[in-house]
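Below, in structure tokens: the form predicted on its own, a single chain.
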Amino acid sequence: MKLSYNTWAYSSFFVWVPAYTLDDTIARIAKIGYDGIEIGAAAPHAYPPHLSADRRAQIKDLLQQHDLKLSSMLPAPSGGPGNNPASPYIEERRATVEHYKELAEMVALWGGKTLIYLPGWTIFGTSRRQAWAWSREVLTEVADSIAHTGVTLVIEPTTHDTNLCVSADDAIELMQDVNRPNVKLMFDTFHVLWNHEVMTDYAYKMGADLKHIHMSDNDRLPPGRGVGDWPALIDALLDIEFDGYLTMETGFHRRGIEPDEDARVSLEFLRPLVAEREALRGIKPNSK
């Protein structure tokens, strides 16, 4: 298992400040000692319409210079563009398809393999059945369109934020409905804890289809600073032979966060915990 940090805490999503350039963010996360970085598709970092071909090549070079792997990318939902695949407006759904296709090309260019799919949310007046069908159609089209990139879409259930895909079972159902080899699963521990569920249940339910994880304690605290049973989760991930990235998605929900501290204490807690649990099973720990 490798450790990664999401860029939200350093960007303007969804609280505007503090905010840093992607160049600064890459340098900071690498200096702290992470294996990888998860780049969010929002300004001022990586909103596709803002990135020329030269800028995209420059970001690829920056990642290589700092020996930082692209663990994953994800869209910035809501706001102006929306990017809601369950929108009742065909124009927004079509734009969302194009957004994901462009993100997949960026992921591939930057050496990554994983793109997070957010199934969207039901707008009042739309039935859940219809919203689900629209999201399924978008996901299917995107999966087929990006197959040549080698990028895998991972469905994230977001209990705190949505009314459509809110559980492990929902994500599994959507994956099965789409039935494409490049569509798999992920979960975010924050959403699991917010819904008073058990983190290990998600790991065991998703099993071999679990390809990515967002790590956060309750209230978007760094792992180990809240109520989560982290040793149990690491053990469950070892049980299912998870070998993807543990990606911190913490501290971006309010002002008053010190991003460097948030990133550092998360790493200082999880790196030795993972090494300890792996050592108990005779697994050589990952090191950068």
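It should be emphasised that the depicted structure is a prediction, and the values quoted were computed from it without experimental measurement. One rule holds for the numbers: they count along the sequence shown, beginning at 1.
Here the subject shifts to the form predicted in complex with another copy of the chain, a form of this protein not shown in this document.
Colleague: Verify the contact flag for residue 121: yes if a non-hydrogen atom of it lies within 4.5 Å of a non-hydrogen atom of another copy of the chain in the predicted bound form, no if not.
Modeller: Although another copy of the chain is absent here, residue 121 would touch it in the predicted bound form, with heavy atoms inside 4.5 Å.
Colleague: Report whether the minimum heavy atom distance between residue 280 and another copy of the chain in the predicted bound form is within 4.5 Å.
Modeller: Result no; residue 280 lies far from another copy of the chain in the predicted bound form.
Colleague: For residue 42, is any heavy atom within 4.5 Å of another copy of the chain in the predicted bound form, or not?
Modeller: Yes, contact at 4.5 Å.
Colleague: Should residue 79 be counted as a contact of another copy of the chain in the predicted bound form, where contact means heavy atoms within 4.5 Å?
Modeller: Result yes; residue 79 sits at the interface with another copy of the chain in the predicted bound form.
Colleague: Since the chain is shown here on its own, which stretch among 101 to 109, 207 to 215, 171 to 179, 147 to 155 would lie within 4.5 Å of another copy of the chain in the predicted bound form, judged by heavy atoms?
Modeller: Single hit among the candidates: 171 to 179.
Colleague: Under a 4.5 angstroms heavy atom criterion, identify the one residue in 240, 27, 57, 232 near another copy of the chain in the predicted bound form.
Modeller: Looking at the other structure, the residue within range turns out to be 232.
Colleague: Within 4.5 Å of another copy of the chain in the predicted bound form, counting any non-hydrogen atom, which residues from 147 to 166 show up?
Modeller: Sequence-ordered list: 159, 160, 161, 162, 163.
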